[in-house]
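Encoded as structure tokens, the following chain is the form predicted on its own, with no partner shown.
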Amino acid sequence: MTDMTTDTLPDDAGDETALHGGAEERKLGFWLTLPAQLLVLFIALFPILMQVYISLTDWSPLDGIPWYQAYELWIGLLNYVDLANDPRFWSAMWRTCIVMAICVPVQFFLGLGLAILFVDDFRGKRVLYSTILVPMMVVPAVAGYMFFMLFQSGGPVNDILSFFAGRPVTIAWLSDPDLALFATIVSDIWQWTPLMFLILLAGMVSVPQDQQMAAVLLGASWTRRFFTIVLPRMKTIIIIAIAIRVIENFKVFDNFYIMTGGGPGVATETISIYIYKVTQQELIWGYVAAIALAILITLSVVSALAIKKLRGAQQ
């Protein structure tokens, strides 16, 4: 007589037990991470909800009431109406777009050119590589002060121009409304071209070498290989790099404020400097909240378009 010490479970019973166990693990994981999820949600949503709330009021710290009682100064959408009719706001936005339209393409092409040079090995590459990345490591406020000194009437820029011109050159770069914006743009290009270079170099290095070697064996020129193999496979990286710089140009502040303070007049007043002045000098916080919310929506649209392009590039 055979003694059966174990029972064999049916396959469907085993599957059901595994599914039940997996559901229990997911449920336990949900409850364990719930506090952290709620904290992250609060950190993300509370500032935005508070900003929307304040933007619908005429509240200011000078009113003597706490922010949570700002409903006593409720004005609805009046701040947004004022925003739509504020010529200084639109001027600052237009100036920011000019900076972005100049800086991003220049940084992209300079970064791409440097990436092409550094994709191959050569003597002194590591030293030059580290040197090129130095501007990106400089604190923006320090970079702004550096270029403030460079573009003084008796500064190094005018000294170099005097040397080539053979006569004294005393251009008032930061006092001339037509030249001040150019000087600040130069500082932004100097500081953030290395970031574009770094991103593009990473994308260029990731292109499969076997495809390029096959093209070389087939007699393809460097130009043909670059435009038919390298660039198409860098499309995702290029979109990411441009999107990052477009968004960051909307937030440019340190260099511009240190160099010119937004002046002379409002010649270099970008949207970030405008928001700072309205917040700290005029203390119109309800209006500032409306401006910040408008900028947030604009950047969200830019990000959404970049993500859409990114998905299209990956297909």
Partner chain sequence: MQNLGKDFGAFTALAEMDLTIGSGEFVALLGPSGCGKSTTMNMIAGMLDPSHGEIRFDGRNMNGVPMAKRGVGFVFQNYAIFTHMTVRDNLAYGLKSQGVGRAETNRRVGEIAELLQLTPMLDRKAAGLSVNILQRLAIGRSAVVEPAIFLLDEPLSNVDAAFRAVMRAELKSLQRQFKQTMVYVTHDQLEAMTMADRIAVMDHGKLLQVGTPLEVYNHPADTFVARFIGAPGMNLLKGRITGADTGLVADLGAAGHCPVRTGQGGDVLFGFRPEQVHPDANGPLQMIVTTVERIGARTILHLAAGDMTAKAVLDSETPVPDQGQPFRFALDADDVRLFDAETERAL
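Keep in mind that what you see is a predicted model, and the values were worked out from it rather than measured. Residue numbers count along the first chain shown, from 1.
Not pictured, yet referred to below: the form predicted together with the partner chain.
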| property | result |
| --- | --- |
| Listed residue (G166, G76, P232, P87) with a non-hydrogen atom within 4.5 angstroms of the partner chain in the model of the complex | P232 |
| Proximity of S91 to the partner chain in the model of the complex, heavy atoms at 4.5 Å | no |
| Exercise: I102 in contact with the partner chain in the model of the complex, heavy atom 4.5 Å | no |
| Residue contact check: S175 to the partner chain in the model of the complex, 4.5 Å heavy atom | no |
| Contact of R95 with the partner chain in the model of the complex (heavy atom, 4.5 Å) | no |
| Residues within stretch 208 to 237 having a non-hydrogen atom within 4.5 Å of the partner chain in the model of the complex | D210, Q211, M213, A214, A215, V216, L217, L218, G219, A220, R224, R225, T228, I229, P232, R233 |
